[in-house]
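One chain follows as structure tokens, the form predicted alone.
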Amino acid sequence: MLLARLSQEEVTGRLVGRAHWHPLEVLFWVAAFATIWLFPSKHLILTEIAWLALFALSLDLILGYAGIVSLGHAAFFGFGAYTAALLAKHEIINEPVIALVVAGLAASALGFVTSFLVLRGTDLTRIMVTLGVAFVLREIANQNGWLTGGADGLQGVTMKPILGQFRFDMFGHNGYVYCLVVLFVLFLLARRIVNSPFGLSLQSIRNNPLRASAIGINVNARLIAIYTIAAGYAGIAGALLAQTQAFASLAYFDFERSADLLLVLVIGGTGYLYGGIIGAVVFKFMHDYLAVLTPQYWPFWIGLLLVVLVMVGRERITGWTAPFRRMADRLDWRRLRPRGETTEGR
């Protein structure tokens, strides 16, 4: 209704303004890349955070922007991991970046094929279908041990140097830089997608699919498209894990991995891309710290965090950061002027 009362120029200006980089965003990524030099002893866990953040970002694309609930997103993660590991093990594609792209395309193809099943029925049906796809792929990998290694996992994977120059080291330095760069590049692409007319139409579908269909939006085509893209993102995240660890296992398909992913998004929030990244940071550091502090009871503390989030409310927590966001807004000279304010008035 608001957009209907605005002129075409004002609507265009508002949409362009959505794509502008906020100062806090710039600061966030500067801090992220600064960790390469500030925390060299933490690169192994930071590598895990990077691929988990990309994995969470892939789920946020369908859950936070399209409203598709999935409990089997690990299907694409595991498929991408095994694709990259098999390509390296059998020396079909030795270069990690090219293998990463191939793994993402393979997972996207799987996402496209299964999307027609996922989009049928209600949310409950989608949950069960996505879960079923992950179970089926896990069992296929388990029964074909001659190819996948079965329950023992795919071993003997030898990764070549990245771009022929940077070899994966046991301390995870090159692996972390590699994962962080991939995360940043794919984040830029996802940011462009969600701020495009296509991304806005997805939010319209999420809010009211019947109304979106009534105004001429091809609902199924857009859901299939974003599901395919999200599957590719998940496949690339899995390939990053397989490449940095030189190993792939059936655990990549497990329900627990998909459940942890939902937990990451609950912690960080959905529908604004950074939720998956922030949630991955909090989840991994909490997991690492609590697993050392109380090895048997660390799930209790993570569960307690979820209860606190529910009881306190995300809106109230967000309100605590409002002064910092207002200060950043004052520094952002590129933000759009309030409606009705002209250049002469300034």
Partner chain sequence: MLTILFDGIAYGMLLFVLACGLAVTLGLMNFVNLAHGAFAMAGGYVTVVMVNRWGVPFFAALPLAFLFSAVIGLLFERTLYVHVYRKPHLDQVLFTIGLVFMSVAAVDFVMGSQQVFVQLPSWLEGQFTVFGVGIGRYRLLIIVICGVLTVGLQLVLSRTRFGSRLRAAVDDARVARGLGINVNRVFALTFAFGSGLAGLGGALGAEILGLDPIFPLKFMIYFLIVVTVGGTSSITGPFLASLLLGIGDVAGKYYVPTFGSFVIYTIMIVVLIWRPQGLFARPVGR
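Numbering follows the first chain given and starts at 1. C-alpha atoms forming the largest set that superposes within 1.5 Å between two forms make up the rigid core. Bear in mind the structure is a predicted one, so any value in this text is a computation, not a measurement.
Keep in mind that the form predicted together with its partner chain is not shown, yet the notes after this line are about it.
Which of Pro161, Pro209, Gly132, Gly145 has a heavy atom within 4.5 Å of its partner chain in the model of the complex?
Contact with its partner chain in the model of the complex is made by Gly132 alone.
Just give me the single entry in Ala225, Leu262, Ala251, Val102 that has a non-hydrogen atom within 4.5 angstroms of its partner chain in the model of the complex.
Partner contact (heavy atom, 4.5 Å) among the options: Leu262.
Among 233 to 241, 93 to 101, 253 to 261, 164 to 172, which stretch sits within 4.5 Å of its partner chain in the model of the complex, heavy atoms only?
Single hit among the candidates: 253 to 261.
Does any heavy atom of Leu124 come within 4.5 Å of a heavy atom of its partner chain in the model of the complex?
Taking the distances in the model of the complex, the answer for Leu124 is yes, it comes within 4.5 Å of its partner chain.
Just to confirm, Ile302 within 4.5 Å of its partner chain in the model of the complex by heavy atoms?
Output for Ile302 is yes: heavy atoms within 4.5 Å of its partner chain.
How about Ser41: is it within 4.5 Å of its partner chain in the model of the complex, going by heavy atoms?
Outside the cut-off, so no.
State yes or no: in the model of the complex, is some non-hydrogen atom of Leu293 no more than 4.5 angstroms from a non-hydrogen atom of its partner chain?
Although its partner chain is absent here, Leu293 would stay clear of it in the model of the complex, with no heavy atoms inside 4.5 Å.
For this chain shown on its own, do Val26, Leu200 and Asp288 all sit within 4.5 Å of its partner chain in the model of the complex, going by heavy atoms?
Answer is no for this spot.
Using the arrangement in the model of the complex, list in sequence order the residues of 45 to 77 with any heavy atom within 4.5 angstroms of its partner chain.
Going through 45 to 77 in order - heavy atoms within 4.5 Å of its partner chain in the model of the complex - the hits are Leu63, Val69, Leu71.
Core superposed first: is there a CA shift of 2 Å or greater at Ile302 between the shown form and the other one?
After core superposition, the displacement of the Ile302 C-alpha between the shown form and the other one reaches the 2 Å mark, so yes.
Threshold 2 Å Cα movement between the shown form and the other one at Leu293, rigid core reference
It does shift by 2 Å or more.
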